[in-house]
Structures are given as C-alpha cells and as structure tokens.
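As a starting point, one isolated chain is supplied in structure tokens, in the form predicted alone.
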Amino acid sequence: MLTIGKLGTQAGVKVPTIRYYEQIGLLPEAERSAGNQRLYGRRALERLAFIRHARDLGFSLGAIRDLLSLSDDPDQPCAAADAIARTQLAEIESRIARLTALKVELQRMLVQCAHGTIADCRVIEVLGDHSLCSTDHRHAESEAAP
C-alpha cells in the first residue's frame, strides 16, 4: 500500500491533484489507515498513471471519465474508445492549424518591422488593429477569456 505522497511520486502527479481526482470521482476513495491516512494499492497507481497519460495527450476530464468507464468493462468493443480518440485527434489538428496560422502571422509582422521607433513599429501596429493581419486567426475561446 502507498501513501498519497508515494502514489504521487510514482505516478508523477501532485498530491492536490490526486485529491481532486478523488473528489470528482476519477479515482475511487482511498482506503484509510488506523491513523486516517490515505492508502492506495496497485490498481489506484495504474488508474492514476492512465489519467496522467491521458491528460498529457490533452484529453479532457470528461473524455478521461468516459475512457475509464470503458476500461472498466474490457469485453466490450472498442469503437467508443476509438471515437473519443478520433475527437481528440481532430481537436489537436485544429489547434495545430491555429498555431501554424499564428506563427505565420508573427513571422510576417517581424519581417515587416522597420526596426525603428515604437511609433513606427509594425508589431505594435498590427496588435492594435486586427484588420491588418493577413488571416483571421482568432479563436472563440480566446475572445471569451478575461
């Protein structure tokens, strides 16, 4: 049995994150020692490693919850897991396209810069007026962000 600290170290996850995953139901509640210390077995370590790897690949907590639910029933077809992975791949491809557009726009701004004063700075000018950009690289999430 592992304490929460040792579980976190072995899985590469911080203790508050483990507590959060328990709170939202991704990890089952831990057993408790006589001193009320959380204790975890091999199954919890495997599940936490699964969650961490899925997060590293950019899966949302909802998708991870669905994948964990599927993994709890190993005899069913994997079509649902494939669909979740395809959705994640499409999101990553979309992000790559947006990042590529941003890279091109930033490169264009820098090439057009005369390296004079701020009053003549193309970077400042373009950042102040989106209509000067060559593409519409805005994203709905960034518009709503504070």
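Keep in mind it's a predicted model, so treat the numbers as computed, not measured. When you see a residue number, it is the position in the sequence shown, counting from 1.
Unshown form predicted together with the DNA; subsequent notes refer to it.
Looking at 78-86, 116-124, 91-99, 54-62, the stretch with residues near the DNA in the predicted bound form, meaning non-hydrogen atoms within 4.5 angstroms, turns out to be 54-62. Mapping the unseen interface onto this chain, R42 falls outside it, with no heavy atom inside 4.5 Å of the DNA in the predicted bound form. Taking non-hydrogen atoms only, G128 never approaches the DNA to within 4.5 angstroms in the predicted bound form.
The closest non-hydrogen atom of R38 lies within 4.5 Å of the DNA in the predicted bound form.
Taking the partner from the other structure, the DNA in the predicted bound form has a heavy atom within 4.5 Å of a heavy atom of T17.
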